[in-house]
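Below you'll find only one chain, the form predicted alone, shown as structure tokens.
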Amino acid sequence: MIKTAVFPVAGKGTRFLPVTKSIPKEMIPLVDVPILHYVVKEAVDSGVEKLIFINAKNKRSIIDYFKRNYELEKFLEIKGRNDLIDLIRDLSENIEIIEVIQEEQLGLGHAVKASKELIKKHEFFSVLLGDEVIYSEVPAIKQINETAKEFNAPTLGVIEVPKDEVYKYGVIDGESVSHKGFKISKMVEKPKVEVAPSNLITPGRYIFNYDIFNYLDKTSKGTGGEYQLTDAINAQAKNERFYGHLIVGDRFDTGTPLGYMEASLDFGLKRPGMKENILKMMNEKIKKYS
């Protein structure tokens, strides 16, 4: 069972300016719950007990949200609102929360490396990107762990996308080894459609062993002057066994305004009692703007 999860959340959220001047993009709500809540809940529902947030100094609200607020709980208890107490405690009970301040944001590889001192040398741990939300019956990290356990090796989650969209993502090259498992030979970042090795892309879900840090330590700055996690993954896959697991679920990239709007609509339609009103509202808007 994976007990530790790392969340790289120090990014500046430039695609959501100006709101991200004061609000972390991960804390923007989907309906009435912050985006990051869904990602953290996926980890907790997968058995994770230690949450490591690789954070920036000006994004303290992320930590405040996930830690217990005893003063608010006491106020709600006096008011007899036990239902709300359970709601705000949802992800904070029996969970260890650790914050690491990333002074400079130098890429995803740099962010993951910042967790090195908090990971045990014989431990497998997960990494979840805070703007990628996956809606699934079985939590995505729990699904990925099936292949990680089967082969006792690092494993990243993959999903299928239309072939003409692969140029936007990191794409895996590998071969099928089980019902949902793939042995990865390499990853290719944003390949041209005509040379893409597959239509399997990674939606920001990873299970690593401690060895990834050995490769991150040797990784040089790449595109944009940043330390690319993909470079370290490719180095590890070249020397060790590295796998992918096909995730069953709906993936939403809330890191873009259009992806965020799609996720908001989808999660609203899934909310009990809201579907009919949303569909009515949509029909009215379609008539108005047609």
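No experiment lies behind these values; they were computed from the predicted model shown. Throughout, we count residues from 1 along the sequence that is shown.
Although not depicted, the form predicted in complex with uridine 5'-triphosphate (UTP) is the subject of the following passage.
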Do residue 130 and uridine 5'-triphosphate (UTP) share at least one heavy atom pair within 4.5 Å in the predicted bound form?
yes
Is residue 106 part of the interface with uridine 5'-triphosphate (UTP) in the predicted bound form - any heavy atom within 4.5 Å?
yes
Does any part of residue 48 reach within 4.5 Å of uridine 5'-triphosphate (UTP) in the predicted bound form? Heavy atoms only, please.
no
So in the predicted bound form, does residue 111 come within 4.5 Å of uridine 5'-triphosphate (UTP), heavy atom to heavy atom?
yes
Would you mind picking the one in 237, 54, 247, 40 that has a heavy atom within 4.5 Å of uridine 5'-triphosphate (UTP) in the predicted bound form?
54
In terms of non-hydrogen atoms within 4.5 angstroms, which of the given stretches 90-98, 164-172, 130-138, 180-188 touches uridine 5'-triphosphate (UTP) in the predicted bound form?
130-138
